[in-house]
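Before any questions on binding or motion, here is one chain by itself as structure tokens, the form predicted alone.
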């Protein structure tokens, strides 16, 4: 297990470094001078020169990257070009909203998708299975941004059941939970279909195993066979899917945060890209990448802990 963990950590570090390098180079290819954008078009050449020296923009690209990579290793993500605040502080203020949104979205998707997939697998080719297939494909086909707009129009504009914008009053948990319902619904809807289809396929494969037939032959209750023996094995690919899908949740959360005017790391990246605020873009993407790699790593460790064959295959 220790060898498997070391290998996975090494791969995770390599991915983070690669993402950091690619992002750094892509930002430098965007037209425009970051110093002019930060200081304004009327800034004097002396002010632009001082700002470029402060941000290391006057140095070669490879030296800029080496300096920034060294800062990231020490936990320093730089300063905001407009407010001169620490990027880590700004990201820390926003990331909690995104994590709450993604956790709520995936939580209700798992709570609905896993039982739906189990029911479809227990009665294959039945009317229940067909309804499950239609619902799964339908939810997968609806983009998160379109679902966000529909939810806003239906539940906020027409029915006036839920608030349309914002994340709720700070410290007021019930109000924040109410503001979280529509964004979580929009972001998590497509995952209901993904999880239901994955669980159904895995359950059908496991239900044909000899030990499942033996459990039925010994007269165990069907519910115990399904949830006690079949589901713990069939859920392993679903755990991997949830980990790999964390990146998709981040991208879907961007649309929800923009449409519902919610704070979050996705909206922060979007606004910073428009303003050419390099430090925040780089820092936010690095944090988002680290979160994604961390979730994938935890899902892999969980799967390998449950199934030793996984860690022996690497």
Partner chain sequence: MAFLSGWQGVLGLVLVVAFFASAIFAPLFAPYDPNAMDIPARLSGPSLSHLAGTDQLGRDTLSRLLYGGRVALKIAALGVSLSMVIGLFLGMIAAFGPRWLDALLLLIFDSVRAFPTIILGLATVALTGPSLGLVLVIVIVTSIPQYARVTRTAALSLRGTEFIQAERALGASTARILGHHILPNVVGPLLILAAMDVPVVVSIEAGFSFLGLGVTPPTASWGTILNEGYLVIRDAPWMVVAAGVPLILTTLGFTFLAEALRDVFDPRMTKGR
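Keep in mind the model is a prediction, meaning the values are calculated, not measured. Positions refer to the first chain, counted from 1.
Unshown form predicted together with the partner chain; subsequent notes refer to it.
- Checking 111-119, 94-102, 181-189, 157-165 against the partner chain in the predicted complex, the stretch whose residues place heavy atoms within 4.5 Å of it is 157-165.
- In the predicted complex, the partner chain stays beyond 4.5 Å of every heavy atom belonging to residue 51.
- Using a 4.5 angstroms threshold between heavy atoms, residue 64 stays clear of the partner chain in the predicted complex.
- Taking the partner from the other structure, the partner chain in the predicted complex has a heavy atom within 4.5 Å of a heavy atom of residue 149.
- Although the partner is absent here, residue 297 lies well away from the partner chain in the predicted complex, with no heavy atom inside 4.5 Å.
- The contact residue chosen from 137, 217, 177, 131 relative to the partner chain in the predicted complex is 137, the criterion being a non-hydrogen atom within 4.5 angstroms.
- Here the marked residues 123, 196 and 211 all miss the partner chain in the predicted complex; none has a heavy atom within 4.5 angstroms.
- Taking the partner chain as positioned in the predicted complex, the residues of 271-285 that bring a heavy atom within 4.5 Å of it are, in sequence order, 273, 276, 278, 281, 285.
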